[in-house]
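Okay, so we've got the same protein chain twice, two forms, each given alone as structure tokens, structure 1 and structure 2.
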Structure 1
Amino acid sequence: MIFSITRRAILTSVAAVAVLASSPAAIAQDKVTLRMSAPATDTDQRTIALAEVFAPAVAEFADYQPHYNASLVAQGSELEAIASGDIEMSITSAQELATFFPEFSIFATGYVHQDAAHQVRVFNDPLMEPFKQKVEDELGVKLLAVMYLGRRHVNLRQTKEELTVMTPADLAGVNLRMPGTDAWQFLGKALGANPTPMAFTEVYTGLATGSVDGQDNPLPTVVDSKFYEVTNQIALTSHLVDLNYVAFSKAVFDGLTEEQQATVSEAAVAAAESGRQAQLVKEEELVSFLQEQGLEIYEPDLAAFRSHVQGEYLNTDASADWPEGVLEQINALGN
């Protein structure tokens, strides 16, 4: 909590400098450079959508320069990098935003979002406005669209014979790699596991060497990053219908003409929609591919996971920063 406030205070001043540095006149003559950095690969549906839908739509006035596999900025540092003008774009998570604004943890909570369409309704609802505004005002980052990463499941090295995961109690003592922020670690604990922080780019090796027992990600990521080569089972916990936001420098956005701003916003929404549809198809298709690779895939006791995870959030400090009534508003937008 103290860390978040300090981090935010530093960034407010950094963002203000970045805004001053980028006037419309400065950008008018040349194409705007849009450096995008994310831990995602170049074969991830979100980055494909940005390269194939977003980039051509803005090409007249912007040069989109993607950097994959966290090659430019380490996972978790992208928001600072946008605020300080080192990059202009990223695909960020609610968990990362929660390191600055703890209330964002509500969007990172297990079993809150129900599906991809629910995420879009929540993102476009007036309930999101104060969240978006705060990120803009205090970080200098605009959240342009919501991207669908997919349903996160528990993916383990152990065979099902060695360990069958039916309830959270079965994950006791399991070293489950989760990304390295508090909101992610809390989710791992809420699942009943022993969460281990590790950057996404280290996960394959962590699984191969056994420094972790498993990881959680949607099926398309398990395939795209070849985690199936070094794991043996997937328990379909669906514990998080995961999202990312297209994060864009406010300083750069403010330097664009109104028409260009509209083009950027629409292009981000169109890319998110294209990536979402592709990811949904992959989620359906990949079960059989993974089974062919020898993984055992099964559904645990979902009611047991849901009630345990929800209880962990609601009965602890994890929900202390959620603004009054927002959970109810999110739930009301569900099916």
Structure 2
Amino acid sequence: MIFSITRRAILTSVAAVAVLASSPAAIAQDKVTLRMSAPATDTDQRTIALAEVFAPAVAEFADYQPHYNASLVAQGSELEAIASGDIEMSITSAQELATFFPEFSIFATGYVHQDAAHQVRVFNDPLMEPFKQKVEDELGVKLLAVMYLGRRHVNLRQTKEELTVMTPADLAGVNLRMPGTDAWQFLGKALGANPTPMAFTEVYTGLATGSVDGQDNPLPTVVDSKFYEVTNQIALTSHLVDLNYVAFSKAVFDGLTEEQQATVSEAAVAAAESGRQAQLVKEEELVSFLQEQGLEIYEPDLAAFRSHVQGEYLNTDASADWPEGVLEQINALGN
């Protein structure tokens, strides 16, 4: 009931914002104000790309105003803020969209996206149109581009001689720290491990003492948190190729000229590509750094992992909200 009331309130706000955006006062403004709120810092690859690529591209008709560290609106409330007209832009996740539209959970699932290029192909494919349209129609938000966040891998205390992870069967009995939510714990089990919930702040000590055998995170997190000091190997499982979407107010977009709309769309795509390439380079550099620290880094049988993990989802209620046939279409766009 609470969710239904919230949805109706958002739709009412969307209608109001649309009227405002087309009012003479709005049209009379020299430039459109684009307030962008995100929980990320100003040094994040995503926000850097928007500031350095998107903002200059739209500067002729828009005033881009970034707000970092959730300083303008609280993290997790950005979509509602766009719908109500409190901000014009944000960076949103599939997980956040799934709270409104459960079918978006498919894009936050293990082994759905294969790599950064696959994310782009999926986003640009006709299979995404019903998803995008629903977000526009019911939330008043346009998804302009997909941004690459990075790949999560399995990072273990054991040496490769003690344990080589090539298939999910090799993770049997491994206590793998995973975030504590049901969705994360399900993914850990689907990988073949014994998922162990543990606060992020406790992970370093847990690895050092052997309370857990390993943890899963992108390489930048392994480096930033110095997990390489208490682990010996990384199996490049790429079990979650994480993403964000550039979210933009549909009401504001509809108030732009066709030429301005094209510029906004192209600028968002260019910014996403810039951030994507920067993140890919960073990941490659971190592989070299971690190897220099003595970690063994290798790629397991990804096809075996993908087949097993997708089967775990398809054989449970975890896939109940996925539109029929969409997973097959996504897989067909892979390498």
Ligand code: KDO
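All of these numbers come straight from a predicted model, not from anything done at the bench. When a residue number appears, read it as a position in the sequence of structure 1, where counting begins at 1. Each form is matched to the other, and the largest set of C-alpha atoms that superpose within 1.5 Å is called the rigid core.
Here, the chain labelled structure 2 is taken from the form predicted on its own. After superposition on the rigid core, displacement of the C-alpha of Glu88 between the two structures stays below 2 Å. Comparing the forms between the two structures, the C-alpha position of Ser105 differs by less than 2 angstroms, with the core used for superposition.
A movement of the C-alpha atom of Ala304 reaching 2 angstroms or beyond is seen between the two structures when the two forms are aligned on their rigid core. Relative to the superposed core, Asp224 has its Cα moved 7.0 Å between the two structures.
Core-based superposition between the two structures puts the Cα shift at Ser238 at 2.8 Å.
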